[in-house]
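Next up is one chain by itself, shown in structure tokens, the form predicted alone.
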Amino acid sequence: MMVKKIKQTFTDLWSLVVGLKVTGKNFFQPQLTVHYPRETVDTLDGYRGHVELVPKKNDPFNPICIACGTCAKICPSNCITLHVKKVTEPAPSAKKEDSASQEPVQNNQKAASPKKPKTKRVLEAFELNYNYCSLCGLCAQSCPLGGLRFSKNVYLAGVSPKEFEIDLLARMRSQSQIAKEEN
């Protein structure tokens, strides 16, 4: 009975020594994390935040996105929704065709067929439900024009799931407005 108690005491003390060794070793190593919000991160290399729209270089209020919908189709989480409006533009050479149609058509020439007006897809909203995003990056990789990229929004926080449903078009425009006001 007495031997069993002494053996148990040695086992407990050895466990304490092993635990203190691990604690002491990590206590003197450089710190890898920061105490947010008292400290912030200096470098964000390699960080993948939610995706964001890339603005045009000459027009920062409009995205490079042509609203083709490839990103929404390839997303495995179905967290991207595009709201697209189709706008019909008049044919660019309509006046030329009108003047040409008054001239007689020779027998070996075919009459020029009237050009159809072009239909353009205009992006009205680009909604991202960040609650379901797995940050796989397929949307950014599949974009034919490079219109999506990962953001550096490392301090995104919220208290309800609704706060993580983001209209990326409105976000891009508000960021462009802030940048414009700062300059």
Partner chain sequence: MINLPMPLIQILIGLVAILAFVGLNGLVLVYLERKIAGHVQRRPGPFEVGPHGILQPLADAVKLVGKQLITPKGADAVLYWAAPIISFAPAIVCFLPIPFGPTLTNININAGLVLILAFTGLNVLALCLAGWSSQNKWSLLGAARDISQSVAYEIPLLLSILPIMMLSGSLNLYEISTSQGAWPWQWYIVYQPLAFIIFFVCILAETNRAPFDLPEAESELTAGFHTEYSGMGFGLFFLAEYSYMIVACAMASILFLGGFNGPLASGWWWFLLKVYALLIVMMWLRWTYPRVRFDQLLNICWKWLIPLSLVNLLFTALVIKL
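We call the rigid core the largest set of C-alpha positions that still match within 1.5 Å between the two forms. Residue numbers count along the first chain shown, from 1. Everything numeric here is computed off the predicted structure, so don't read it as measured data.
If you look for the form predicted together with its partner chain, you will not find it shown, but the lines that follow are about it.
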_Distance check, F27 to its partner chain in the model of the complex, heavy atom within 4.5 Å_ = yes
*Looking at the partner-bound form in the model of the complex, is A170 within 4.5 Å of its partner chain by any heavy atom?*
no
*Is the gap between K57 and its partner chain in the model of the complex 4.5 Å or less for some heavy atom pair?*
no
_At 4.5 Å between heavy atoms, is Q31 in contact with its partner chain in the model of the complex?_
yes
_So if I measure heavy atom distances to its partner chain in the model of the complex, which of the stretches 123 to 131, 47 to 55, 33 to 41, 144 to 152 falls within 4.5 Å?_
33 to 41
*Can you name the residues of 3 to 28 that have a non-hydrogen atom within 4.5 angstroms of its partner chain in the model of the complex?*
T9, L16, V17, G19, L20, T23, G24, N26, F27
*asked:* Once the core is superposed between this form and the one not shown, does K21 show a C-alpha displacement of at least 2 Å?
replied: yes
